[in-house]
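One chain is shown next in structure tokens, namely the form predicted on its own.
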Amino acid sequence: MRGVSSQKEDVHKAIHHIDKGIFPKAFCKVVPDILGGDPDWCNIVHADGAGTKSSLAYLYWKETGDLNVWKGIAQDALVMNLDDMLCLGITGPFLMSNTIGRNKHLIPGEVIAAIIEGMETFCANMANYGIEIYPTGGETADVGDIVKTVLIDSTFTARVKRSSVKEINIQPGDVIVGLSSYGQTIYEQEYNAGIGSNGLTSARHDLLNNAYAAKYPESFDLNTDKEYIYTGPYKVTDYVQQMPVNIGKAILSPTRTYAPFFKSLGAEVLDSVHGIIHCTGGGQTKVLKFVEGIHIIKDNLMVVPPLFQLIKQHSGIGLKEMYEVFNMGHRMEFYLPEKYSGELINKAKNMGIEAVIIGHCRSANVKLLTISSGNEQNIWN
């Protein structure tokens, strides 16, 4: 009813006939080495962005004057590309271009400067962990007729050897190691509530107070029925007992990257992995896009972080839909034989990332996903 869909069925229907590239089971599309002309190499170009999270950053900035929130949005726009490409086993080097569409009447130059600075800062921080991301410029367009506040996207490009690309080949007997999306890693500056950049339309409207509807009509789609606009109890500066940051900062937590962790993995462990899934659009059901004849069973999930508990409490959304929209506490999954899982988990913990075996895989006649949580069990196919 708010004009969004976790599964984006109409989008996938529109592009179902598009060529899947030279590695059709890879997490991102891979094409021949157009740039270098070497048959042993390939190119990956991937585009993504922060989505409607920028609308919340706008609201928070207007309420508090805090420009730093835009730096977090810059990170969101980069990580949604970077971590998708990590799922191919690629850790760089990357070329990065940004695309910013703004309403000049509402988004001044100081905001653009903060966004660009945020991108530069993130790239510099990743360089400290051996992740090379080279900004190549981009486009900042004044498009107030079609963008109400600001849209922040980026595009990543990599040229790698074909032999280094990991396709997804999840097998019966694999265990699933989940990497937490919340807490604080050794490379994060503050607590991360774990939301990433998916489900922000729901999170924003289900938690924030309706007073913002009248105050900032530019922050939402006026075509949406009023009963679905800012239906929650909170101001962005309110605190709840379970989190060390206010509600606004919790929802704005910059999307965690797992790139430093990937860089720390040895070749033996990475070679043993049969599939890496970035739980973004579709949340915990994302894996269904990459399997056939496998029953994915997630029956040992991490404790649901406080922010997602709040969203469920105030939205009235059922647990099944929550798992379809949000990562619910872990945003990266490794599918591999159990004997290799211990080293993976220990290396994650060294980075300050909680990692646990959250499930396993069985053979099946059709693809299935079962998620068990408490006394509730939900099944997708």
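Since the structure is predicted, the reported quantities are computational estimates derived from the model, not experimental observations. From 1 onward, residues are counted along the sequence shown.
Only in words, not in the display: the form predicted in complex with a further copy of the same chain, which the text now covers.
Student: Taking heavy atoms only, is residue 188 within 4.5 angstroms of a further copy of the same chain in the model of the complex?
Tutor: Output for residue 188 is no: heavy atoms all beyond 4.5 Å of a further copy of the same chain.
Student: Report yes if any heavy atom of residue 267 sits within 4.5 Å of a heavy atom of a further copy of the same chain in the model of the complex; otherwise report no.
Tutor: Taking the distances in the model of the complex, the answer for residue 267 is no, it never comes within 4.5 Å of a further copy of the same chain.
Student: Residue 54 near a further copy of the same chain in the model of the complex, any heavy atom under 4.5 Å?
Tutor: Contact with a further copy of the same chain, yes.
Student: Using a 4.5 angstroms cut-off on non-hydrogen atoms, would residue 211 count as touching a further copy of the same chain in the model of the complex?
Tutor: Taking the distances in the model of the complex, the answer for residue 211 is no, it never comes within 4.5 Å of a further copy of the same chain.
Student: If you check in the model of the complex, do 1, 29 and 105 all have a non-hydrogen atom within 4.5 Å of a further copy of the same chain?
Tutor: Yes, because 1, 29 and 105 each have a heavy atom that approaches a further copy of the same chain to within 4.5 Å in the model of the complex.
Student: Have a look at 113, 303, 240, 127 for me and say which one sits with a heavy atom within 4.5 Å of a further copy of the same chain in the model of the complex.
Tutor: Flagged contact: 113.
Student: Note which of 272, 246, 155, 231 lies within 4.5 Å of a further copy of the same chain in the model of the complex, where distance is taken over heavy atoms; exactly one does.
Tutor: Contact residue from the list: 155.
Student: Tell me, please, which stretch of 251-259, 178-186, 164-172, 218-226 lies within 4.5 angstroms of a further copy of the same chain in the model of the complex when heavy atoms are compared?
Tutor: Comparing against a further copy of the same chain in the model of the complex, the contact stretch is 218-226.
Student: At a 4.5 angstroms cut-off on non-hydrogen atoms, which residues of 182-208 are near a further copy of the same chain in the model of the complex? List them in order.
Tutor: Contacting residues: 201, 204, 205.
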